[in-house]
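Here you get one chain, nothing else, as structure tokens; it is the form predicted on its own.
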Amino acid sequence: MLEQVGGVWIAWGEPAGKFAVPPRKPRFELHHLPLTLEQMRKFYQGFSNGALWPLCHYFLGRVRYDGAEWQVYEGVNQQFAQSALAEAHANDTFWVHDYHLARTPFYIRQQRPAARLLFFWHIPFPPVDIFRTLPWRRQLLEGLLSCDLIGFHIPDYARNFTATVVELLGAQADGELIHYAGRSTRVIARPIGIDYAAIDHEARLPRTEARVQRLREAIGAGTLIVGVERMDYTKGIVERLRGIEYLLEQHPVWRGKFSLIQIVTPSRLEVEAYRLKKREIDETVGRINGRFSDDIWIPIRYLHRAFSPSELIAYFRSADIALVTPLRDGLNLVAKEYAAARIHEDGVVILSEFAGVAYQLPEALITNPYSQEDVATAIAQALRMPKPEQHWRMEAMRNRVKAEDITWWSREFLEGLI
């Protein structure tokens, strides 16, 4: 997106400094903001991912509120605001992204009252009765309401946010507008898009076709199912595996007829909850494969490593079914990427009703990831689905993903809504 519109992208990272991107023909600047190990521990691992992440994904039992971590979160948000202000010209637009930086707009607005400020919240926004548990709820909400425009993926999250600021702050709501402390903020739902054209192009390349043939030959199973997740307790990986186990246990006719390729990208393994989740996944895969494998067939192939985009597209091209069943997800781009890669307009998407993208892709098979019986039923339905039905479902999904791509999404904010 920045390659199209230009600007400055400020992010934490190493090495610290300013970089032209791409280096030979720069389209924008990337500024790496240096953060100390202590800041990373308390701002990122601590408050952002120990408090806000589980809170917003409805996992109250995993939430940890710590006053010292909140103070560091505030300080890092101030640091981002100062860096942005130092780079911005008088009429520039500030677009702040995600729950890590919810207080940044407050500090920008303090020093530049007339600034054009946008925010996009990339994860779910919970109902008010969940959000009210946050001790610093007023400060965080006032940070967001410092913006002219706030975007969420789907209407449910926008409604939750509006109800929260009305109840907890006494704000006034008038359609998409929220009036608070002498300011008006517009709240909208616009699901983020993918670079459809790039994925469609990569899926058609000869090298991708060759990878697809090698994968199909190596795995050998009649039907391939793919799951692609980051290692996280919200992704429902164990629940999905139990759905596979239930299907094989209750309906032996499906044994040997399919294999699941479960790709899990390592993530936040310095956090104890994530290490424990990895161990649980390892043990579940081992148990299922131990129960049902034979001399030729393995039901689950578990790959725990990072994959390049081109490698993933080859898996999407190879797999007859995409299994996307998070317990809660802001949107989920895997379902969109799978559809974009299905150049022959076949294949089936099985989608959790708790993924935001279910709002955009009603042609998928929608399932309850908390029910192993429901997941097993959806998989069996996908395995039996005739090609004509696959085609009309996939064609509709591809058309929508193509029309509402990343360019559409950014244009909705940067051109049409300010």
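The numbering used is simple: start at 1 and walk along the sequence shown. Fair warning: this is a prediction, and the values are worked out from it, not measured in the lab.
Omitted here: the form predicted in complex with GDP-alpha-D-glucose. The next part is about that form.
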{"property": "Site check Ala102, Leu117 and Leu414: each within 4.5 Å of GDP-alpha-D-glucose in the predicted complex by heavy atom", "result": "no"}
{"property": "GDP-alpha-D-glucose contact in the predicted complex: Trp53, any heavy atom under 4.5 Å", "result": "yes"}
{"property": "Distance check, Gly243 to GDP-alpha-D-glucose in the predicted complex, heavy atom within 4.5 Å", "result": "no"}
{"property": "Partner proximity in the predicted complex: Glu202 to GDP-alpha-D-glucose, non-hydrogen atom cutoff 4.5 Å", "result": "no"}
{"property": "Partner contact for Thr265 in the predicted complex: GDP-alpha-D-glucose, 4.5 angstroms, heavy atom", "result": "yes"}
{"property": "Option from 107 to 115, 292 to 300, 343 to 351, 121 to 129 whose residues, in the predicted complex, bring a heavy atom within 4.5 Å of GDP-alpha-D-glucose", "result": "121 to 129"}
{"property": "Ala88, Ala198, Ala306, Leu177 - the one with a heavy atom within 4.5 Å of GDP-alpha-D-glucose in the predicted complex", "result": "Ala306"}
{"property": "In the predicted complex, the one of Val212, Leu312, Val72, Val285 near GDP-alpha-D-glucose [non-hydrogen atom within 4.5 angstroms]", "result": "Leu312"}
{"property": "Residues in 316 to 342 with any heavy atom within 4.5 Å of GDP-alpha-D-glucose in the predicted complex", "result": "Asp329, Gly330, Leu331, Asn332, Leu333, Val334, Glu337"}
